[in-house]
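Take a look at this one chain, the form predicted alone, written out in structure tokens.
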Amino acid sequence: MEDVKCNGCHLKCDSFKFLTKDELELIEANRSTVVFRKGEKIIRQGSIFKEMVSFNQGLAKIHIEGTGGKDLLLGIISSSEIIGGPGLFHDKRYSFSLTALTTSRICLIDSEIFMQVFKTNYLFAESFLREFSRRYNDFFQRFLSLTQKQMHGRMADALLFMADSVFNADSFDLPLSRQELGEFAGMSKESVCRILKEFKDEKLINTNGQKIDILKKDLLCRILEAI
């Protein structure tokens, strides 16, 4: 795909609409476009924070790498989002990993240049912090679900998140393996397979490989809301 300059790009995140022409040109001069294949690490947890990730196309997972190969999957990133993290303001290290779930096209923006614009453009900074806060609020809700919901509620939460926050559709191709879905819902791969089968037998959903069709969304919502 041909690389498009920042001024004419329709895939840049909403916060960039607050940048002046000169600011966009400054970012343009200090960014690079990279394509990552499925499974490739875009950000590695613990590495030095050098670049902001402006997501153009594709899907990626935000996850915390635990011990023993066990990860906690926090969310899914799609197009027109910008990813930084507390390391931008704190210890200059990434506190999570970001791994491509599909072929993904991103722009890497020098973090020092990003901060230069952040400090001089109030509207841009406010918009970025609003999105930053929304994402971390989503993380807190994810932790709440993992600690207070039964497994069926956590699985309903994961499926509804995919439908409403990632695909905006009740039928979608799940970008996660059963193992990754377990990391997102806080359960084993075996429990994922069992509960998906139960949901299918109860005709709440239909599954065909990675294809998920939500048939009774209202009932999934009730399962999610139950303690």
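Quick caveat: nothing in here was measured; it's all calculated off a predicted structure. Start at 1 and count along the sequence shown; that's the residue number.
The same protein also has a form predicted in complex with another copy of the chain, omitted here; what follows describes it.
Novice: Tell me whether 115, 139 and 143, taken together, all sit within 4.5 Å of another copy of the chain in the model of the complex, counting heavy atoms only.
Specialist: All of them do, each having a heavy atom within 4.5 Å of the partner.
Novice: May I ask you to state whether residue 64 is within 4.5 Å of another copy of the chain in the model of the complex, using heavy atom distances?
Specialist: Result yes; residue 64 sits at the interface with another copy of the chain in the model of the complex.
Novice: Check whether residue 95 has any heavy atom within 4.5 Å of a heavy atom of another copy of the chain in the model of the complex, and answer yes or no.
Specialist: The answer is yes: residue 95 has a heavy atom within 4.5 Å of another copy of the chain.
Novice: Closest heavy atom of residue 103 to another copy of the chain in the model of the complex, within 4.5 Å or not?
Specialist: No.
Novice: Residue 110: heavy atom within 4.5 Å of another copy of the chain in the model of the complex?
Specialist: No.
Novice: Can you list, in sequence order, the residues from 73 to 93 that come within 4.5 Å of another copy of the chain in the model of the complex, counting heavy atoms only?
Specialist: Contacting residues: 74, 86, 89, 90, 91.
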